[in-house]
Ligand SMILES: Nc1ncnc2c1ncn2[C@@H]1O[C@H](COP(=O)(O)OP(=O)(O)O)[C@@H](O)[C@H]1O
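One chain comes next, on its own, written as structure tokens: the form predicted alone.
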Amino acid sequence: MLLVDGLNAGYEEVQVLWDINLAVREGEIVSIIGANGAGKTTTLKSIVGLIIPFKGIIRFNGNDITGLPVHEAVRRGISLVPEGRHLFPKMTILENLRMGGYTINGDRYENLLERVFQIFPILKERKDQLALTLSGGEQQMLAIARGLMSDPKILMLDEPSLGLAPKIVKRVMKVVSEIREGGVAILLVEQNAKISLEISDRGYVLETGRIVLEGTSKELLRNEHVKKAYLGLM
């Protein structure tokens, strides 16, 4: 579904990524793990069009989308839930969801809204509540729900567990697995390597802008470098 080939990218003259190659197939959850500053967020921004790559090709469903404007990437089925959620705080839950579904009309919009409310029933209960009044976990759920409102084929999540209590993190990750079961592929960027790899099919380890390891999630969980650097195991 998604193929990144030889991606080099960064900000103005500062290069952050070097020769990134990765793929996401239909129905997969694929994780990118790495420390702060490794280039994880830059990778997602390059895929969705927030950053124009210096070099390389990004293909989605066989089509070259390298440098495509963000709104066109969204229309084609790519949705990014950014780090920090970036909700519209003084808008209601329902208004935030409407913003997520701005490319969708009519019955299709209503069907998507109902599906999102089935996944996140608490959002339906509080649909008229301002986003800023929600707890951290509820805000993350709203951010994911807003991302689903564009009816994506692939949902990219940037640090969904950031700042959340362990109990809420498990709940969020359970929802991510349920979304995949509904037919949406997931590209997951996450510092919590253990919980990320536990729900993923495959993973990539990104260090200082380069992929240094890749494999099935089970392989990476057994890898000595991953255990020492990211799982706190010796």
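All of these numbers come straight from a predicted model, not from anything done at the bench. In case it trips you up, residue 1 is the first one in the sequence shown, and so on.
Just so it is clear, the following notes concern the form predicted together with the named molecule, a form of the same protein that is not shown.
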query	finding
Distance check, residue 83 to the named molecule in the predicted bound form, heavy atom within 4.5 Å	yes
Touches the named molecule in the predicted bound form: residue 203 (any heavy atom, 4.5 Å)	no
Contact flag, residue 41 vs the named molecule in the predicted bound form, heavy atom cut 4.5 Å	yes
Close approach of residue 27 to the named molecule in the predicted bound form, 4.5 Å, heavy atom	no
Listed residue (57, 70, 35, 52) with a non-hydrogen atom within 4.5 angstroms of the named molecule in the predicted bound form	35
One stretch from 164 to 172, 41 to 49, 177 to 185, 193 to 201 that, in the predicted bound form, holds residues within 4.5 Å of the named molecule by heavy atom	41 to 49
Sequence-ordered residues of 1 to 27 touching the named molecule in the predicted bound form, heavy atom within 4.5 Å	11, 16
